[in-house]
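Before any questions on how it binds or moves, here is one chain, the form predicted on its own, in C-alpha cells.
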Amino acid sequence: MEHGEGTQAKAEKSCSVCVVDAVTAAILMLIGALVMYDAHRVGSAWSPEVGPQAGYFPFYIGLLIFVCSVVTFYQSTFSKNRDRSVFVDWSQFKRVLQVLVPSIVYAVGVSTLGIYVSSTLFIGGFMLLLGKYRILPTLLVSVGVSAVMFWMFEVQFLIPLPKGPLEAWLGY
C-alpha cells in the first residue's frame, strides 16, 4: 500500500510525456516561425528571372517545422490518447545530468583550454568519476588518447584543431 502511494507521489512530482511533448513542440514552433521570418527577410519568393531567392528553401523548411510542431502540440495537449506516463524519474534525470553537464563543460573547455587538454580532462573525469577506474589506467588512457589525437591531426594530417595555452607553451 505504501509503495503504491510513494509511486503515485513520485508520478505527481514528475513531468508526464505529454507535457514534455507540448513544451518541445512549442519551442519548435518558435524556431520554425523564426526560420520563416528570417527567410522571408532575405527573400523567400521565386523570381521568374533568377529562380529561387536565398530564403526560398529555408522558408519552406521553417514552414514544415512549424506545421509538424502544431500537430504535435495539438496531439499532446488535446488528444484523448495523451501519454500521461512519467517522462523521466529523478534517478534517470540524474544520470542524464552526469553526462550532460561534463559535456557542456568540455565544449566550453575546448574554446578556452584547447581540444587536447579538454579531452584529457573529459576522458579522465569520466573514467575516475563514472567508471571508478584507478588513477594509473585513467592517466594512461586520457593522456594517451589525447597524445595520439595530437600526433594524428597536428603532425600527420597537418589539420590544426583548437589549441590552448599548453600547446602555445609547447610551441604549437
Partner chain sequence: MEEIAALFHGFAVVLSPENFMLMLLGVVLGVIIGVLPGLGGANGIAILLPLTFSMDPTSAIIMLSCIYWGALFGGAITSILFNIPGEPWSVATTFDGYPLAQQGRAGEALTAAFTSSFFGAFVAVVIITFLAPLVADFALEFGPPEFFSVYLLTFCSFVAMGKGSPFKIIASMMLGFALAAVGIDTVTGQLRLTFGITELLKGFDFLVAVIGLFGIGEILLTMEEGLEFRAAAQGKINLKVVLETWAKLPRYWITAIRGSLIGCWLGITPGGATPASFMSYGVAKRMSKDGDKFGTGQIEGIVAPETAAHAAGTSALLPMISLGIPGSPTAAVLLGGLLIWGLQPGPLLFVEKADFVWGLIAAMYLGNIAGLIVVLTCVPLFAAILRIPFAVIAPVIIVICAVGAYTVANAQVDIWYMIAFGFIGYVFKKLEYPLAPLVLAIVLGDRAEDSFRQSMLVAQGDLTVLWSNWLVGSITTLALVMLFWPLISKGLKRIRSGRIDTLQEQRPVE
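Because the structure is a prediction, the values reported are computed rather than measured. Take the two forms, superpose them, and find the largest set of C-alpha atoms that agree within 1.5 Å; that set is the rigid core. Positions refer to the first chain, counted from 1.
Another form exists, predicted together with its partner chain; not displayed. Remarks below refer to it.
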Exercise. May I ask you to check whether Thr77 falls inside a 4.5 Å heavy atom distance of its partner chain in the predicted complex?
Key: no
Self-check item: Contact of Leu28 with its partner chain in the predicted complex (heavy atom, 4.5 Å)
Solution: yes
Quiz item: Does at least one non-hydrogen atom of Ile159 fall within 4.5 angstroms of its partner chain in the predicted complex?
Solution: yes
Practice problem: Determine whether any heavy atom of Phe153 comes within 4.5 Å of a heavy atom of its partner chain in the predicted complex, and answer yes or no. | Solution: yes
Self-check item: Contact set, 26 to 45 vs its partner chain in the predicted complex - heavy atom within 4.5 angstroms
Solution: Leu28, Ile31, Leu34, Val35, Asp38, Arg41, Val42
Quiz item: For Val50, is the CA shift between the shown form and the other one at least 2 Å following rigid-core superposition?
Solution: yes
